[in-house]
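Just the one chain here, the form predicted on its own, laid out as structure tokens.
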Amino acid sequence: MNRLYVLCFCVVVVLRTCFSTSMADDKPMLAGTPPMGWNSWNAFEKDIDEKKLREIADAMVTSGMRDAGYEYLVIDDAWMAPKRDSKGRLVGDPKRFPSGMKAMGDYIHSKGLKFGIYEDRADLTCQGLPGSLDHEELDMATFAEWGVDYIKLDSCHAERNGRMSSVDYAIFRKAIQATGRPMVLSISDFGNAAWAWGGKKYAQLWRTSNDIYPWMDSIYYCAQTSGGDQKSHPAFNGLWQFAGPGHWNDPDMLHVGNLKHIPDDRKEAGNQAHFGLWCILAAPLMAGNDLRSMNASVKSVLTAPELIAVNQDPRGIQGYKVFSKDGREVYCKPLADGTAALLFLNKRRESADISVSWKTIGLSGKQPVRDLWARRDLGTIDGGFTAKDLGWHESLMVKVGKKGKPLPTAAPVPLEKYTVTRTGVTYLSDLYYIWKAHHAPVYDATFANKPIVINKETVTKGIGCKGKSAFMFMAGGKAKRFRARVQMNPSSPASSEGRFKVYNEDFFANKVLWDSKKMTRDSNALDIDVDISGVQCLMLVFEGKDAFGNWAEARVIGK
């Protein structure tokens, strides 16, 4: 281990300690920087047992992963017995974990690591094992007795709970607090808008994406749910303004070392692009490769000290795009010491130069530049920087600027641009949606960008969509009625059917406030007038393969 590596690691540890404390009560802040660790699922799925995981704990130490900052060893689904014990308590599978889960946790702790475990908020886990529904207090108390430090809480089958996500997680947060043990809570809900409905009240991180897979398209998709517009309106430029110390956007676990469907001569570039994206996005770094057989190239990526320092920067700013064109991207992450990290990424097969001006990131004149992968200074450069001849999946991470006053971030979207803040009428097409799935809506026009016509009358305000689409607006409890007129668009295929629904919060709650039932393009328009008093998040859904629909004059009436 060279001196620079040791110095960088020590700096990260000191900064994490200093900045993960709440000034209000001098108690340590959970996840003051993005959590770092290893999770069993991506490497082994349900093929886990105590021998294998003890070997992983050993490898976290001997490989240098622990010393690089990876502290949590998280045991994912399939650790528990098919049934609870006679007292209703969870127990480890006796064949997989004959020594029991407390002994497993004790071994993890003996290695200077922290113990993470998996559960599901429904009655069953994704693998059909006992979930925590109606056992929340008992399960959290059991985890505390076992010495658990981190809980990954999944959402398979949670639509059967009959509770809104915000209610579900409030129950778990209260149960965790009752134990008196600090345990990080990780929301795994497939990216269903925790940043909108208040995830940071209950948890330290939340998923922004569906499950990640070990190929680059999946990695780029997951990154875009946090750092792009896959899940939010383009005006937000990613979800950066909803993250910070103690509450992080999570585009899912790392697949560094697991990549498939990529040429061998591109794998190192793919691993670096994946890791660089997660570092610049201030994402949790949960490795998912088999550490027992990790090669030198993968190890060098996962333990890159200067990239980890960017991820763990105590200012806690999530990086955001400052350039994006034709698969070439530049992200900026302003750091606590007054410098900024920049990630240059080429997703296309054709090699390219990618440039950014200092003015774009709040700098000017001549600035020092350092290559964070190579750990070497590139000199002082005037006006801007160009990453030259980046090939397919190739990236470059640099640090720019001099130490001093922290640079400003991009301007966050003002609250009134995406939340109901006033009395009277607010047309939803005058607000940015805060979450969406599938097809994005079109404002004040049909999905084909033509005028909305209802009963031969042209409507100037409304939302056009294509099935399936879902999008959420922040009512914030400030509105009392939602009104609209809905109708299938005549351009829909003759045999197509559509269905409009209005939900309170996300899909898991299944709190349907209004349902059009099946409609055809010949159906008459239907009027909606529904009470939304107290609703925080209003979700509009249009179902129907290849069908087109219109929410004419969709509006809320403020209190």
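Because the structure is a prediction, the values reported are computed rather than measured. All residue numbers are counted from 1 along the displayed sequence.
Omitted here: the form predicted together with a small molecule. The next part is about that form.
Contact label in the model of the complex: residue 176 to the small molecule, heavy atom within 4.5 Å: No, residue 176 sits far enough from the small molecule in the model of the complex that none of its heavy atoms falls within 4.5 Å.
The small molecule contact in the model of the complex: residue 118, any heavy atom under 4.5 Å: Answer yes; at least one heavy atom of residue 118 falls within 4.5 Å of the small molecule in the model of the complex.
The small molecule contact at residue 77 in the model of the complex, heavy atom, 4.5 Å: Flag for residue 77 set to yes.
Residue 41 within 4.5 Å of the small molecule in the model of the complex, heavy atoms: Residue-level check for residue 41: yes, a contact with the small molecule.
Options 390 to 398, 304 to 312, 369 to 377, 182 to 190; stretch whose heavy atom lies within 4.5 Å of the small molecule in the model of the complex: After filtering at 4.5 Å, what remains is 182 to 190.
The unique member of 241, 218, 127, 360 whose heavy atoms fall within 4.5 Å of the small molecule in the model of the complex: Filtering the options by heavy-atom distance leaves 127.
Residue (of 154, 168, 329, 139) lying close to the small molecule in the model of the complex, criterion heavy atoms within 4.5 Å: When the small molecule is considered in the model of the complex, the option within 4.5 Å is 154.
All of 207, 211 and 253 within 4.5 Å of the small molecule in the model of the complex, heavy atom check: Yes, each of 207, 211 and 253 comes within 4.5 Å of the small molecule in the model of the complex.
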